[in-house]
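Quick setup: the structure tokens below cover two forms of a single protein chain, split into structure 1 and structure 2.
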Structure 1
């Protein structure tokens, strides 16, 4: 029995062109559950993770609208809320896929340890939440210690650090659940970022950890055989967006690292996915796949998507 870690993008539940009503998210969750169920049907053990961009954006926006009547919570608390919200949707969709013999799915609150001295904390780059007018931006910078940057032509947005994930805090429980045959949904939105103080205590920090890099940490936690990173594209391409664009169906670790070094894969899109795949395979993983939701099964059979294998 293989263990597969599957990472859905943040827009899998709220794709471009949808506003994110509950009915839309429910229908999309059911589609995602179908993909997971196909893998379960092949006899694989699944661990599922997911982004939370649209959902955490909505919560950040709502709480600024309501800030005069009820206290705003830190970003990492909103992240925890989205783990509940999205975990609920995905878990129930999975349990409902075959009601007669339901998948025993379970969504967990998951923290991810980051290093307080990570360079990312010096240079916050990840925009989050609503767009503000300049006056409000200055006030929020003062009142809450936020860093805000101008988003050309639109207004001001908060930026937060995107540090490297080190470890899944709940690793023991995740392993116990996987061993017990539970389909675990974990580390949603890249996990709730925590730093360890000198006294050993963990403290939440406002940051956004890349969910593909966290998927790799999750894969290491459960010693997964396969890491599947789902994206909008059917496969990784070289010279993307140029006339020379061409798909890559197989890539060795060395080739991937060379392409990364040449800047072939931008930081905000394929970069972290290819990096996560390389780390997974260097750590002893068997196969990493980057593909779109519709091609996951075929990609595992080597017929679509981008496939990278270890030991090369």
Structure 2
């Protein structure tokens, strides 16, 4: 039986043009559940993870607006809240997809260890929350001390630290559940970031870890055969957004690393996905795939998306 780690982006629940109401997210979760159920029906053993950029950013805004009524919570606590929120949406959607024979799924609250000295804490880069017009972005930066940057020409978004994931704290529990046949939803939103103090205690830190890099750590934890990174694009392209744009249907590890070094895949776009794919394969994974949600099944069959395999 093949073990597949499937990583959905946060925008899978709140695509561009939607406001992110509960009903919208529920409907989108049901679509995601259909993809997962189809893979389970083919005999694959699934581990699911997801992003939370839109959700955690929106929750942070709500926290700021309500600070006069109730104390705001730290960013890592908001990550935990959205991890539970999205996890339960996916879990219920999976159980309701085929009520007569529901997929037995469990959303596991998951912490991810990071290094307190990671340079990312000095240079925030991870976009979260909604897109703002430039005037609103400047006002929010002045009023709340946020750092906002232009996001791929769409407008301005808040950015927060995004340190490298080192280990999944609950890795033993994840492995045990997967080995027992449970479909585990884990490390949602990149996991809840924690650092380990000199006394061995774990403490939350304000950051949002990249979910693609955590997906690779999750894949290593469960010894996955395949890592599937879902994005808005059908496949990876070189010279994206230029007249020379061209799709790449297959890449070797060496080719992927060369393209990364040349700046073909920016950090705020395909960079983390290609990096995660390379790490997965370097650590013994069989195949890594980058594609859109609608083409996951075909991509796993080698008929769509961008496919990366071990070797050079």
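Numbering follows the first chain given and starts at 1. Fair warning: this is a prediction, and the values are worked out from it, not measured in the lab. Heads up, when I say rigid core I mean the largest set of C-alphas that superpose within 1.5 Å between the two forms.
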Quick one, which of these two is the form predicted on its own? 2
Can you say which of 42, 77, 120, 57 is at the hinge when one rigid part swings against the other between the two structures? 120
Roughly speaking in whole degrees, what is the angle the smaller rigid part turns by between the two structures? 34
To one decimal place, what C-alpha displacement in Å is found for residue 146 between the two structures with the rigid core superposed? 7.1
Once the rigid core is superposed, tell me how far the Cα of residue 160 moves between the two structures, in Å to one decimal. 2.6
